[in-house]
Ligand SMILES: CC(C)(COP(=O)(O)OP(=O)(O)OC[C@H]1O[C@@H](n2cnc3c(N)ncnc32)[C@H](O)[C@@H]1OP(=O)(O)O)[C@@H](O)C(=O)NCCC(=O)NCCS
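Read the single chain below, which is given as structure tokens and is the form predicted alone.
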């Protein structure tokens, strides 16, 4: 008989084993998911975790767990964020029971946006879709061990930029936001935070690259080290705010620009590159797949409407 209850200290070892099992399976199926897990670190994290954690037991067997981190990153209020190591389940019905309990508590606390990062494969993704979650983003990775030619088309020049180019970074990043606001994405994001962008460019670990044509900046890429997360490899570079002005697309500018950036990344000791794109943006999905990125995770979202 399946029962749902709160995590106790007696359950921690079982949860750690479940996370490790799922991560190893993910690695076997996709080499860009890091299968290594620091069991001691995860055990300590669970022991000091303040967020409520639910577990599912079938008799004496632990068959699932669910928890979330509360974040307030949007105008919609707080969100419940579920990372890949924050959930495990032996079958979809177990996940449904866990989410019924957790979701009721989150909604009672006024948390109506529920977000889950899960492995990008059907058995991990589809049980969430059955719970009215929708795929919003896809994340992909590739190794940096293959040299690539770094040649921009004639008439284009690339350069490394810096905080001195903040106005330029703001203008080009707005191009992305304006494109996402149109269909089919229809994304109404919060206004661009200039101070946050300045802090990113000011960080010495950030790599900012700009492509110019006839004295005008027409493309950019902002990259920085991916924060340590379970399932990701160390020395992974995250690409952000990659954009080419519409009239300069289809000429190989983006590919050549990224080749230059990743050559610089290899020289800095990075082994992998990581990118996240919106699934409704079919052009971005096609580009990143053609550029050699292998999907690793999907980000799903449910906005609860109780009317």
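Remember, it's a predicted structure, so these values are computed and weren't measured experimentally. Positions refer to the first chain, counted from 1.
Omitted here: the form predicted together with this ligand. The next part is about that form.
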Practice item. Determine whether any heavy atom of residue 284 comes within 4.5 Å of a heavy atom of this ligand in the predicted bound form, and answer yes or no. Key: yes
Review point. Looking in the predicted bound form, any heavy atom of residue 277 within 4.5 Å of this ligand?
Key: yes
Review point. Is there a non-hydrogen atom of residue 52 within 4.5 angstroms of a non-hydrogen atom of this ligand in the predicted bound form?
Key: no
Check your understanding: Is there a non-hydrogen atom of residue 255 within 4.5 angstroms of a non-hydrogen atom of this ligand in the predicted bound form?
Key -> yes
Revision key, fill the gap. Only one of 240-248, 262-270, 29-37, 64-72 has residues with a heavy atom within 4.5 Å of this ligand in the predicted bound form, and that stretch is 240-248
Point to revise | 4.5 Å heavy atom contact with this ligand in the predicted bound form for all of 176, 179 and 290 | key: yes
